[in-house]
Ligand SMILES: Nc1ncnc2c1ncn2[C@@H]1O[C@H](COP(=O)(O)OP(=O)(O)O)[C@@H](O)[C@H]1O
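First, one chain by itself: the form predicted alone, in structure tokens.
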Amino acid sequence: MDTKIIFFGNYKGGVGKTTSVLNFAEYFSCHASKNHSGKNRVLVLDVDPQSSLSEILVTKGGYGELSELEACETLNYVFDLCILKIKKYNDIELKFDKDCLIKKYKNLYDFVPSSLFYRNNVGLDTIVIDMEDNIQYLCILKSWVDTIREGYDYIFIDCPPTNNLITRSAFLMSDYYIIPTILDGLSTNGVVHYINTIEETYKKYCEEDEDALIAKHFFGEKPQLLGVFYNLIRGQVNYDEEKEDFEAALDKYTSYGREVILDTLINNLIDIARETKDGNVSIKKKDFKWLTEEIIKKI
């Protein structure tokens, strides 16, 4: 099974990351699979402590409120127990009930939520504090994903705008990554920094660390930048100067260059924003559908 793991991220907030992941999940799941007859089987993992995507998928998916989920229904639970096992009970074999963790959204794709309400409001940002910067902790997410990945063509990871150990584990285990961005000077610097951070993260753990040999064996090759796309584009604004500055910065300061910029633009349309809040893709506006088709051709 040739499962592809793709993470979505940007160190700058307000770039429409949650909207993007929700749209990609649905459009990818409606696309014919390359691996078998039928549509793509998609799983979404939310490792953003804000749990915005989880809140939408839980409430609009008919599972009640995010705050009502049992502890064992969240990614928080996986990390919490695995950290405890590493620290105190290494000989215990942990098995997680995938039917409890994995939920179906609109009979289109699956998701595993995180929750900021876990065990008296302990979000992933609190749980990560108990992790140590070594291979055992970085392996937690992939070790669990490896037990269920055979059922999927694509696994999407919604990453937070932070560089913590959970985010790094998502970087290391992924095949590809996609960066949504808006066009302004701060975003240009942020994207360049994000790309270089991912490069340095892989280099640190899989090439230079004393445990690099086992890390590279476990995580595989470095994740490849599948593309950067311009999001929240306003039709009345001329972005020519911002585009040139952005593309020149990619050429100068990253190993990829401007060719990683995807052709399809995502316009700042109220219909897309409104439908995202309801857990849907826009019926009227097809920007993300066209972008999905462009990305699938690159994989």
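Throughout, we count residues from 1 along the sequence that is shown. Fair warning: this is a prediction, and the values are worked out from it, not measured in the lab.
Below, we turn to the form predicted together with this ligand, even though it does not appear here.
- With this ligand left out of view, the stretch that reaches within 4.5 Å of it through heavy atoms in the predicted complex is, among 253 to 261, 239 to 247, 35 to 43, 268 to 276, 268 to 276.
- When this ligand is considered in the predicted complex, residue 282 lies well away from it, no heavy atom lying within 4.5 Å.
- In the predicted complex, none of the heavy atoms of residue 25 sits within 4.5 Å of a heavy atom of this ligand.
- In the predicted complex, this ligand sits within 4.5 Å of a heavy atom of residue 231.
- Although the partner is absent here, residue 291 lies well away from this ligand in the predicted complex, with no heavy atom inside 4.5 Å.
- Shown here without this ligand, the chain has 13, 14, 15, 16, 17, 18, 19 in 13 to 38 lying with a heavy atom within 4.5 Å of that partner in the predicted complex.
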